[in-house]
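This document starts with one chain, in the form predicted on its own, laid out as structure tokens.
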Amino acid sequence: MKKNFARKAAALSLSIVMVSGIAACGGGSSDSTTTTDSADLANPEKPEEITVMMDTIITAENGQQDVADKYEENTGIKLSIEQPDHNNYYEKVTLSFASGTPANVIEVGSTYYPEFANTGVLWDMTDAWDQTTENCKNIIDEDYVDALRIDGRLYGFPMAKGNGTITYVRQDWLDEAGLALPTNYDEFINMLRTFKQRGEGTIPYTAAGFMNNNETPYEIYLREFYQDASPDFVYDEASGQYIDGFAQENFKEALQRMRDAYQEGLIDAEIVTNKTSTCRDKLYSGLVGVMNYWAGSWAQKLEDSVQNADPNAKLTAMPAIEECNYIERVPTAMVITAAADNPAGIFKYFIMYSHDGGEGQMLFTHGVEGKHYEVKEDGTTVALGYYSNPETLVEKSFYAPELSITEWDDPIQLDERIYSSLETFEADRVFASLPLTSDVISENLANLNTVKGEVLANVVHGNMSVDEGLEDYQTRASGYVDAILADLNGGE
């Protein structure tokens, strides 16, 4: 075990409990003392076995072991995979660190990644990435690698693009009304008003809450209403300080836009109690005209499901209106733990191999030939059905193919709607920053976000004016805000 790892893991076990999926948005700073091994990074020894703990990968019932066996056949390295229950995943990750013997490689989402890095339980792979001669270096989009840097250092490697949400519009409703896709906010509101006139329980715009409480960015869904505003803490370039986005003039304007649209009946009356699954069900039933949801594979899933109820329905992924951008999340990271023996070898033979643009990437993306995909007599490659559900085609083994971060000639062609939605999304998106975490933030943020949610609901529902709501926010939130800003801006 690495020197001091047990001490760092113990500190992590105490601090990570308070994170619990909440973090402030912004850049990060790391006090990690974990450094790169002095071994030859370009030609490390090949590991005999690599252990991994992952969440969003193909399940055991659908051939996870077949992927591991094929990896061992290709590389000569045994691959042992642990996939905890999704709902308890980070509890299991934290417990594995506390045990002193975590897996060599762990899948870590952006909410937890800075906390792990700052605690010092991750191997610093900066030098390994800088010095690698593997093909990954030649074909990767380094914007996604850079998105995971903390003070210039790299403690994790992106599994895939972070992706983000895009606004989907019932194109057939637009066509019936003789309207084009909106290009600015006025046209957007006019579209919603036109959809409202359809009557029969029509919901012009639906969403799951006014603020995304599950993870940052909080404003990822209601892009046309938030525009340049954020309810989170944001870095102000002019002052060189963090400020409370909720208290800024542009947020006041966003709040007014949401209030006006809701009072006019343009936003789902049940937005506060909606879950994303509720929104999807409303869309599928034919009631919803506009919904902001994930780009990529969901473009196909959403339209196919809408067409089950109405074969003539059509969804279009709308380019961002001129007042806003879409937001790409920070990628999920593949980290190598500081307790791992031969981390340079793991980096080369696991992480670099999985993004090699060839054999490794095919395995980590589509699985095993003959089990998860097949090559037909005419040379085309197609996905096969899942073991547990042969009617549904395998989407991925470890990495989503449509979110590849490499310039890779994927032999399996996906539905054109997937590519189109991603192209539209990426044309108008900005990258989110890594969440910032600290004990002070963790101790205050949950209560602060509760206040934000209540103020948003009261204002939009008409229980308070915008000014009254922001005054209420200042009264109830000032203690939390002051503590977090002092922490973010270096106060004691």
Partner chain sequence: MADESKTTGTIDYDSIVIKKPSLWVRAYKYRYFYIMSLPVLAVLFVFHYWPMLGIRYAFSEYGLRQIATGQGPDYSVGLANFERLFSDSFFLQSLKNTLILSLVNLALSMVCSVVIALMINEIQHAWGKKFVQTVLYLPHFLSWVVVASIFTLLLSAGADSTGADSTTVGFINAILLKVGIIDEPVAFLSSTETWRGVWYIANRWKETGWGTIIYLAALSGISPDLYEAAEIDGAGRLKQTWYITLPSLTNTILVVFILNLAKVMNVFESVFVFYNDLVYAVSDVIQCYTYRVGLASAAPDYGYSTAIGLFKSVVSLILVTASDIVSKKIRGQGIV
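Residue numbers count along the first chain shown, from 1. Small disclaimer: the values here were computed from a predicted structure and weren't measured. In this text, the rigid core denotes the largest set of C-alpha atoms whose superposition between the two forms falls within 1.5 Å.
We do not show the form predicted together with its partner chain, though everything after this point is about it.
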- Message: At 4.5 Å between heavy atoms, only one of the stretches 49 to 57, 455 to 463, 66 to 74, 419 to 427 reaches its partner chain in the predicted complex; which one is it?
- Response: 455 to 463
- Query: Is there any non-hydrogen atom of residue 249 lying within 4.5 Å of its partner chain in the predicted complex?
  - Reply: no
- Message: Would you classify residue 311 as touching its partner chain in the predicted complex, given a 4.5 Å non-hydrogen atom cut-off?
- Response: no
- Task: Look up in the predicted complex whether residue 41 has a non-hydrogen atom within 4.5 angstroms of its partner chain, and give yes or no.
- Result: no
- Should residue 442 be classed as touching its partner chain in the predicted complex when contacts are defined as heavy atoms within 4.5 Å? yes
- Message: Does its partner chain, in the predicted complex, lie within 4.5 angstroms of each residue among 137, 383 and 410, using heavy atoms as the measure?
- Response: no
- Note on the structure: Students should find that, of 273, 131, 392, 184, the residue having a non-hydrogen atom no more than 4.5 angstroms from its partner chain in the predicted complex is 273
- Query: Within 4.5 Å of its partner chain in the predicted complex, heavy atoms considered, which of 230, 119, 104, 163?
  - Reply: 119
- Query: Does any residue in 77 to 104 get within 4.5 Å of its partner chain in the predicted complex, counting heavy atoms only, and if so which ones?
  - Reply: 91, 94, 95, 97, 98
- Query: Under a superposition restricted to the rigid core, does residue 93 display a Cα displacement of 2 angstroms or more between this form and the one not shown?
  - Reply: yes
- State yes or no: after fitting on the rigid core, is the Cα displacement of residue 102 between this form and the one not shown at least 2 Å? yes
